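Next up: a single chain in structure tokens, the form predicted alone.
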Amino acid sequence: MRRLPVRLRRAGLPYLLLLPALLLELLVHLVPMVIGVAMSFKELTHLFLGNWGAAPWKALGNYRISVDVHAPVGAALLHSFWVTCVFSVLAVGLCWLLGTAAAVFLQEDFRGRGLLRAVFLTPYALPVYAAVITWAFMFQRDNGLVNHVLHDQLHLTDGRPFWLLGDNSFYALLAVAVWKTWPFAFLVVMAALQNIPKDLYEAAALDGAGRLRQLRRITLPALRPVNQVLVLVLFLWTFNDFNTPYVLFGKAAPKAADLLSVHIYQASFATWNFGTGSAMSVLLLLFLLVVTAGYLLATSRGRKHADG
């Protein structure tokens, strides 16, 4: 057998070195995904955990139960879906706004800028469980820091509200999620701002453009490609977030903060109906694929229109 040409061997070496990592990624992600899809077509309950392959075939029955909004399971799933959508839109918008504002503010050179950057990145560097547990203590009704500041010191509330129960749980979850995630947006935007030539700002200043006009005409258009990817990543992270609500509320989140990730967990492990839980997971995956494809298509068309 003739030996491969030297050029071909050199060109194929990087792909050969990447092959183990690629196989490991497929093993970690693809195999559980395929098993989850197969489970969604079975009536898999706690009776078949020892041999889930023997569970009765249910075809699309689990999907019908999940999307039947007139039944309790479907109605609860629809409510959780809307809560997750509203939560994701607000969280992503606030994270992007805070991250962009902080990154633009720290572009100016002043004393203590490096220390302020490190402080801003602290929530992103902290372990999720330690940070969220700390917030759970701060949201305690009687001895939490939040009520101490709002009620005892600032007198903004008539009484001590429950932050981890009822409708207030949504705002508590939103505050923790934004606090935990916005430094990532800050880091990405701050890195993207380094690629904008300073000459553009100097020329704009000579032409009489103020800071706000420079931001609108130079900074934001230059950040558009980065923001398109950033918003998508933040949305996927937020929509799939499980750790934050699970650590903040425990296994059963309040109805106002019932995100899909925790709802599917409850549908699977609280009722031991893994077939229905798997069907909900597949529906969530399909929804995210459709949203991602539509978003990428819309942004690519917008980019072509802007280039043209």
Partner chain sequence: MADLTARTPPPTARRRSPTAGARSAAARRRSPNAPPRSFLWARRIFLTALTGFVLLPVYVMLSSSLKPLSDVSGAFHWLPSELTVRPYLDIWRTVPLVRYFTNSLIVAGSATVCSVVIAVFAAYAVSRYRFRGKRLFTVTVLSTQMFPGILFLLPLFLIYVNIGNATGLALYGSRGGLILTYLTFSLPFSIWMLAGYFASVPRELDEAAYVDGCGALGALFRIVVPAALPGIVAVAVYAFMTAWGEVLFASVMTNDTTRTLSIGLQGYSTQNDVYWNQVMAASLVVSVPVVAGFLLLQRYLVAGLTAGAVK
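We call the rigid core the largest set of C-alpha positions that still match within 1.5 Å between the two forms. Positions refer to the first chain, counted from 1. Note that the structure is predicted; figures quoted are calculated from it, not measured.
Keep in mind the form predicted together with its partner chain is missing from the figure; the text below concerns it.
Judged against its partner chain in the predicted complex with a 4.5 angstroms heavy atom cut-off, the residues S88, I196 and L297 are out of contact without exception. Taking a 4.5 Å heavy atom cutoff to its partner chain in the predicted complex, the contact residue among M138, V73, V83, L234 is M138. Between its partner chain and the residues L220, L165, L78, A101, the one pair within 4.5 Å by heavy atoms in the predicted complex involves A101. Within 4.5 Å of some heavy atom of its partner chain in the predicted complex lies at least one heavy atom of D109. Among residues of the shown chain, P56 is not one whose heavy atoms approach its partner chain to within 4.5 Å in the predicted complex. By the criterion of a heavy atom within 4.5 Å, G36 is counted among the residues contacting its partner chain in the predicted complex. Though the partner is left out of this view, L156 does not reach within 4.5 Å of its partner chain in the predicted complex, counting heavy atoms only.
Looking at 205-231, the residues that come within 4.5 Å of its partner chain in the predicted complex, counting any heavy atom, are A205, L206, R211, Q214, V226, V229. Comparing the forms between this form and the one not shown on their rigid core, the Cα displacement of L17 reaches 2 Å or more.
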